[in-house]
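Only one chain is shown below, in structure tokens, and it's the form predicted alone.
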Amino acid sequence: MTETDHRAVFLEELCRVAPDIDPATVGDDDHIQEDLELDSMDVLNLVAALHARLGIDIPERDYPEISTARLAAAYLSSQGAAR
């Protein structure tokens, strides 16, 4: 998968966790908590959804690496390639 593919997966799972978010309006640098207003439980649900979908473990120390669509795409691509 490319970074573009991983970005799309991230946005799909983000919108499943927070259905009020329109993926077309999410900017690459919109922070999932500060800008998109996800709470900590939403973040945990997003991490679980990404793990279920991609099989990538995201430890809590790496949560900042998925805090924006741009960061998440790069992180998921690097972790997917490392597997």
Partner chain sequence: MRKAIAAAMTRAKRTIPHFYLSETIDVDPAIAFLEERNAGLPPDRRILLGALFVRAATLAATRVQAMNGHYVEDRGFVPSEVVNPGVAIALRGGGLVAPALIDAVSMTLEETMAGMRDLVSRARAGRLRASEMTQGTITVSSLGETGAEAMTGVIFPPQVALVGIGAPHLRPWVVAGVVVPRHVVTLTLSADHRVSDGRQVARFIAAFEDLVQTPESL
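Given the structure is predicted, the values throughout are model-derived calculations rather than measurements. Numbering follows the first chain given and starts at 1.
The form predicted in complex with its partner chain exists for this protein as well; it is not shown, and the discussion that follows is about that form.
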property: is_contact(Asp30, its partner chain) in the predicted complex, heavy atom dist at most 4.5 Å; result: no
property: is_contact(Ile58, its partner chain) in the predicted complex, heavy atom dist at most 4.5 Å; result: yes
property: 4.5 angstroms heavy atom contact with its partner chain in the predicted complex for His51; result: yes
property: In the predicted complex, Val26 touching its partner chain (heavy atom, 4.5 Å); result: no
property: Within 4.5 Å of its partner chain in the predicted complex: residues from 29-62 (heavy atom criterion); result: Leu36, Glu37, Leu38, Asp39, Ser40, Met41, Asp42, Leu44, Asn45, Val47, Ala48, His51, Asp57, Ile58, Pro59, Glu60
